[in-house]
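Presented below, as structure tokens, is a lone chain in the form predicted alone.
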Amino acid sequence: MTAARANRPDAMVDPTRDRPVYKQIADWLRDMIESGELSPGDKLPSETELMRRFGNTRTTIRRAFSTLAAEGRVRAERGVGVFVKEVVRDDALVRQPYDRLARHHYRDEGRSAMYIDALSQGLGSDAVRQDRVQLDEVPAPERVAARLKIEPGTTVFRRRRRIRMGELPTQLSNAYLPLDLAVGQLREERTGDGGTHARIEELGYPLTHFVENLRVRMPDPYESHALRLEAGVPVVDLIQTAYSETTPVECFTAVIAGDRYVFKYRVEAS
């Protein structure tokens, strides 16, 4: 931000208002971000500049910065300053459910849905990595059991892993399968070309449709650490059910870094 911006005539606070002064300062900075006067990558005024501008203490200015950081609008670089953040990273992947789950990808081309995501950034199959892999039999959580049409606590097979694109973790996922489908490569770390969906169809269950539910929330401490999230970045909580006609054959859950994916949908007019 230039000195002219920092000295705008509207850069005022009213200590007699019910709204705390640090929130008024945060409001002023937020307005500049939302209006586009401050763009992603721009540096905010320093603590010293804002102390001089508003006549407040360093503690007050830091609380204003912390408010914006908690909203995911800014990031601090120690010894450098505070900068406006991209809401979504420049290298974010594009997740297109209407295409990534198409049969020709996993059956004819041998490409998994995650590989289709990688292609959205021009990445190759070698960019898709998984770690923290855990393969086990577990009692079905209630929301998984409801989608698989089984009793909660029924034993299911779970594939748990963290997905990375290159060195960047993008999601934490769990795939739950009924025990009668969890055979062969579906019980191995690598499920082979086309992934889980190709193996399910080989067992005689042609996939007919998928149902996805999405919600946005703030991450818990484990998720923040595992996904290396900056303060204020939300996650997308996804649960997807794969069907063969009316039979649910897989329940997939994922916690997705909110700044590393763009969800793109196509809706046919009817």
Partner chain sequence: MVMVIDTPIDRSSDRPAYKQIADRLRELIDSGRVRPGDRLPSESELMSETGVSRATARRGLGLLINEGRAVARTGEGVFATGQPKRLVNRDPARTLTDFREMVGAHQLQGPNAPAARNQGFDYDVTLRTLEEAPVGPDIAKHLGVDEGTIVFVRRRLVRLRPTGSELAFRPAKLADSYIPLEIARGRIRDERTGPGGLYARIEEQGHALTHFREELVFRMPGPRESHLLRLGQGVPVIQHTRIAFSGERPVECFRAVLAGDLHEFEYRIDAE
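Treat the numbers as computed from the prediction; the structure is a model and nothing was measured. Only the largest set of C-alpha atoms that superpose within 1.5 Å between the two forms is called the rigid core. Residue numbers count along the first chain shown, from 1.
What follows is about the form predicted in complex with its partner chain, which we do not show.
Although the partner is absent here, residue 146 lies well away from its partner chain in the predicted complex, with no heavy atom inside 4.5 Å. Its partner chain in the predicted complex is not approached by residue 37, whose heavy atoms all lie more than 4.5 angstroms from it. Using a 4.5 angstroms limit between non-hydrogen atoms, residue 42 is distant from its partner chain in the predicted complex.
Shown alone here, residue 87 lies within 4.5 Å of its partner chain in the predicted complex, counting heavy atoms only.
When you look in the predicted complex, the only residue of 226, 203, 236, 69 with a non-hydrogen atom within 4.5 Å of its partner chain is 236. Comment: 97-105 is the region of 97-105, 76-84, 172-180, 156-164 lying near its partner chain in the predicted complex, near meaning a non-hydrogen atom within 4.5 Å.
Contacts of stretch 166-183 with its partner chain in the predicted complex, defined by any heavy atom lying within 4.5 Å, are made by none of its residues. Once both forms are overlaid on the rigid core, the distance between the two CA positions of residue 40 between the shown form and the other one is 2 angstroms or more. Fitting the two forms on the rigid core leaves the C-alpha of residue 236 displaced by under 2 angstroms between the shown form and the other one.
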